[in-house]
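Only one chain is given next, in structure tokens, and it is the form predicted on its own.
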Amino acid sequence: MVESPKGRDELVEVAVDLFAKNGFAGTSIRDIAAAVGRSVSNVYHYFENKEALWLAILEYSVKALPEKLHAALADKQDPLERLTALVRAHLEASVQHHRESKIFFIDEERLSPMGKRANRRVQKEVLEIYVGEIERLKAAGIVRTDETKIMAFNVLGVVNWHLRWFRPVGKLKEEQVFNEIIGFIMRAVREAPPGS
């Protein structure tokens, strides 16, 4: 029997909505089945358990983030241009997968243990990309901090804070928000005092 990708994709899409709204623990397979008008056994046909559905969401959205970030850096040499491109690509990916990003980067406490391990691997890879770019800025004499990892965490904090308050359908225009966030980050990394 051949599985229908449409059936699987529909379950993933509905699960994203429910997990974003109610959290992993607050959403049951029965809730997901009811939302798509299917039986519980139909959901289990596609996914072994709720964890497998959760990991499919991770695979579909957030797991591809490091690859998108590396792609944004591919043809850039100037360290400031690289950081700008990196942050912009991260913000764009966050908007494209807003609900999923919010689940995995903001609501991590709602993840199952297996989900937390998978999520932390992605977060670690993203952090390493940012640390590498801040070290590149330091080598170019643009950043004067000895704490490149702390600075990377601060930059990621600004990017991830965006997930809490920005709504793509709100009054603020996406490009305006991106430019303000990028400008704020770029000023902060250049003005950080030595040893900070």
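Nothing here was measured: the structure is a model prediction, and the numbers come from that model. So that there is no doubt, residue numbering starts at 1 and follows the sequence shown.
There is also a form predicted in complex with the DNA; it is not shown, and the following applies to it.
The closest non-hydrogen atom of residue 37 lies within 4.5 Å of the DNA in the predicted bound form. In the predicted bound form, at least one heavy atom of residue 30 sits within 4.5 Å of a heavy atom of the DNA. Heavy atoms of residue 45 reach within 4.5 Å of the DNA in the predicted bound form, making it an interface residue. With the partner omitted here, the stretch from 138-146, 22-30, 61-69, 123-131 that lies within 4.5 Å of the DNA by heavy atoms in the predicted bound form is 22-30.
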